[in-house]
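A single chain, nothing else alongside it, follows as structure tokens in the form predicted on its own.
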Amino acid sequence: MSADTPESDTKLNEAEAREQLIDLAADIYDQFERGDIPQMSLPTRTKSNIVFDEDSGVWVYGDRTSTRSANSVRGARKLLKAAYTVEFLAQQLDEDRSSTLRELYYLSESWDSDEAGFSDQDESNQLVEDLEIVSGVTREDFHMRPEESGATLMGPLELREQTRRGERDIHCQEDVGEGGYQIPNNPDTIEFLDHDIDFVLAVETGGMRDRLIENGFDTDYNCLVVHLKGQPARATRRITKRLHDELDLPVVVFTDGDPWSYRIYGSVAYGSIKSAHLSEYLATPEAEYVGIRPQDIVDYDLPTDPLADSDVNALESELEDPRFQTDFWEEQIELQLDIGKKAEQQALAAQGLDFVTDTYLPDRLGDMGVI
């Protein structure tokens, strides 16, 4: 097997991950040896510390940092938890095992120090993110995975997947059922073999994904339909980026017309605050937004729901969000605040079950130059 296969690349990443973990533990030990109070510095993970990187076209953490230091009881506990987690992850890599983020939370209850256990899963999740940031290695290479996201692909793509039982070649139309091909936790183990894809359509909801497949949109337009399944998991964003970068495919994002769905698009295109340290690995800044937009509510007289107070607050926040500070988004958000309404993708069915595939998407994608 050649040195540049997905499997060999994965093994190299795993070796680097273990080395970086050991280096982190050694750094804390060295601070003890020097008589220093152990500490670990990380970027401050807030919206105010997000900056736009002109070179990569994504949002990343700025220069502000925060410190986990043993000069307080709270800080010492955080470093203790980090040390135990590093030991667990290094052992997991040695044994070629994997675990979920949820399992890590429960495993900590069996550690020989009560102080090292996590109070809730949010705390253990954040610590894994901290380790990613300070090590420069992704959690996938630590063999950490989330609970199954269930996100899928459907379209004219043939790929090779690495599994514990060996390689298998899969065509994402011919070799899968109506549910499509389920995206694995680490999509970097996938090799793209062949395709007839003209563009990638990332879809928020399962209902709209099923409508597109039932109406044959993937076949009629040589489209790869990616089901985001709400706020997309990291694996979904990573494979979307790979499809764009490696196969030179346009990516368009099709969501509901509400502020939370706009943020789904933002996470695909520009990254999120929570994973800003991985924006260059996960985000696809060339991705374009295809709908539902507030202007559609007016133009198509779509069935709507009134904006809740939380929706209004979210829209007003987005006007200050650097990811949405463009003429298009400012115009659409201000229009939505003015009309006080939001609409779902499925609201297009008011014009008929075929309207979305026969009229709405072809017209919109044609105007955008995608088809």
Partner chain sequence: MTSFQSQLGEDQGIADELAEGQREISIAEFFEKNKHMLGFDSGARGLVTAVKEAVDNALDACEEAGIRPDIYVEIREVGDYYRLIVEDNGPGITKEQLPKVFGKLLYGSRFHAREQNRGQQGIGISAAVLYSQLTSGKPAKITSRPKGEADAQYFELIIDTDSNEPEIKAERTTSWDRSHGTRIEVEMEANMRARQQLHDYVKHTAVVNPHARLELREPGLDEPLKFERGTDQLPAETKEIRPHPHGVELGTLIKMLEATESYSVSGFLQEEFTRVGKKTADKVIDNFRDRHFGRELGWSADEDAVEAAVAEAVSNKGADATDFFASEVASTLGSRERTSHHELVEVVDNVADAAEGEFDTRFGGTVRDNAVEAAWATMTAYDEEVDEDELTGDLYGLVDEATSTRKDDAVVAGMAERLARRFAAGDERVRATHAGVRALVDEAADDTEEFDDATFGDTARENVVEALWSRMVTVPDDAPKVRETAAERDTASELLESMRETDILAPPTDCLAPITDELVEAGLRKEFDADFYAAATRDAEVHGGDPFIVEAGIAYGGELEEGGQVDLLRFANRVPLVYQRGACATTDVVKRIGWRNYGLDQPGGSGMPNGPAVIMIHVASTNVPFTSESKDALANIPAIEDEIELAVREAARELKSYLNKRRSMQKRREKQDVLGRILPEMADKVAEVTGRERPNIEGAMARIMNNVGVERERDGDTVRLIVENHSDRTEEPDVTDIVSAEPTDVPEEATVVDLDGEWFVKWNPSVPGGEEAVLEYTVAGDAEFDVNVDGIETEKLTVNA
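All figures in this text were calculated on a predicted structure; none of them were measured in a lab. Residue numbers count along the first chain shown, from 1.
What follows is about the form predicted together with its partner chain, which we do not show.
- Contact annotation for F52: none of its heavy atoms lies within 4.5 Å of its partner chain in the predicted bound form.
- Not displayed here, its partner chain is approached by A25 to within 4.5 Å at the level of heavy atoms in the predicted bound form.
- In the predicted bound form, at least one heavy atom of F32 sits within 4.5 Å of its partner chain.
- A residue is said to contact a partner when one of its heavy atoms sits within 4.5 Å of a partner heavy atom; D36 meets this definition for its partner chain in the predicted bound form.
- For the candidate set A233, L278, A83, L249, a heavy atom within 4.5 Å of its partner chain in the predicted bound form is found for exactly one residue, namely A83.
- Of the residues Q126, T100, Q295, S72, just one reaches its partner chain in the predicted bound form with a heavy atom at 4.5 Å or closer; this is S72.
- Stretch-level contact check against its partner chain in the predicted bound form with heavy atoms at 4.5 Å: of 236 to 244, 72 to 80, 281 to 289, 137 to 145, the positive one is 72 to 80.
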